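Shown below, as structure tokens, is a lone chain in the form predicted alone; questions about how it binds or moves come after it.
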């Protein structure tokens, strides 16, 4: 199979497109779209976001050392793109996108009420990497919208239609093709057939 060789670059796609809400030490609030975000530790729960220092939200996060990661859905796709290309220096993104602010439990920045999952974070470290600075943060609270709870109380994020970003384009998730561990899980039907022999 023929493949082209390209110069080094970020091609780790798809990635979650998340909306990060923040509030500076001076009380100014903003939302920015972040593509470079990810889970980095389980215990304690930690994640990271990488932000360009020239972004308006960079100084807000740096001054308060707090932010909220709000997962984005298909219905929030337009706003997700908008918050990534328009500066909070020029516009109130909460108002422009029609988002409602919801008080967080631990951090001072607001959550986006329309998001199915809000992850409150406190920065523990900043790493200057070059084009971006990475904020390493401890998760201090998580909120899940009860709309997506089933009859047994299980949360179904897939039913919220989360979106991903892939090389300049946004996509909704497709059909489920398996679940964690399915590659090694024994088929219950074949197991029953064997037991009857």
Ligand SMILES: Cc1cc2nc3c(=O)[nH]c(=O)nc-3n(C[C@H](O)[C@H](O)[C@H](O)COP(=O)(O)O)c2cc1C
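Residue numbers count along the first chain shown, from 1. What you see is a predicted model; the values in this text were computed from it and never measured.
From this point on, the text means the form predicted together with the named molecule, which you will not see here.
Asker: If you check 137, 51, 160, 69 against the named molecule in the model of the complex, which one has a heavy atom within 4.5 Å?
Answerer: By the 4.5 Å criterion, the partner-contacting residue is 51.
Asker: Among 39-47, 150-158, 163-171, 137-145, which stretch sits within 4.5 Å of the named molecule in the model of the complex, heavy atoms only?
Answerer: Partner-contacting stretch among the options: 163-171.
Asker: Looking at the partner-bound form in the model of the complex, is residue 87 within 4.5 Å of the named molecule by any heavy atom?
Answerer: Close contact exists here: in the model of the complex, residue 87 approaches the named molecule to within 4.5 Å, heavy atoms only.
Asker: State yes or no: in the model of the complex, is some non-hydrogen atom of residue 62 no more than 4.5 angstroms from a non-hydrogen atom of the named molecule?
Answerer: Result no; residue 62 lies far from the named molecule in the model of the complex.
Asker: Answer with yes or no whether residue 83 is in contact with the named molecule in the model of the complex, where contact means some heavy atom within 4.5 Å.
Answerer: The answer is yes: residue 83 has a heavy atom within 4.5 Å of the named molecule.
Asker: Do heavy atoms from each of 101, 116 and 119 fall within 4.5 Å of the named molecule in the model of the complex?
Answerer: No, none of the three is in contact.
Asker: Heavy atom within 4.5 Å of the named molecule in the model of the complex: which residues of 29-50 qualify?
Answerer: Heavy-atom contacts to the named molecule in the model of the complex: 30, 31, 32, 33, 34, 35, 36, 50.
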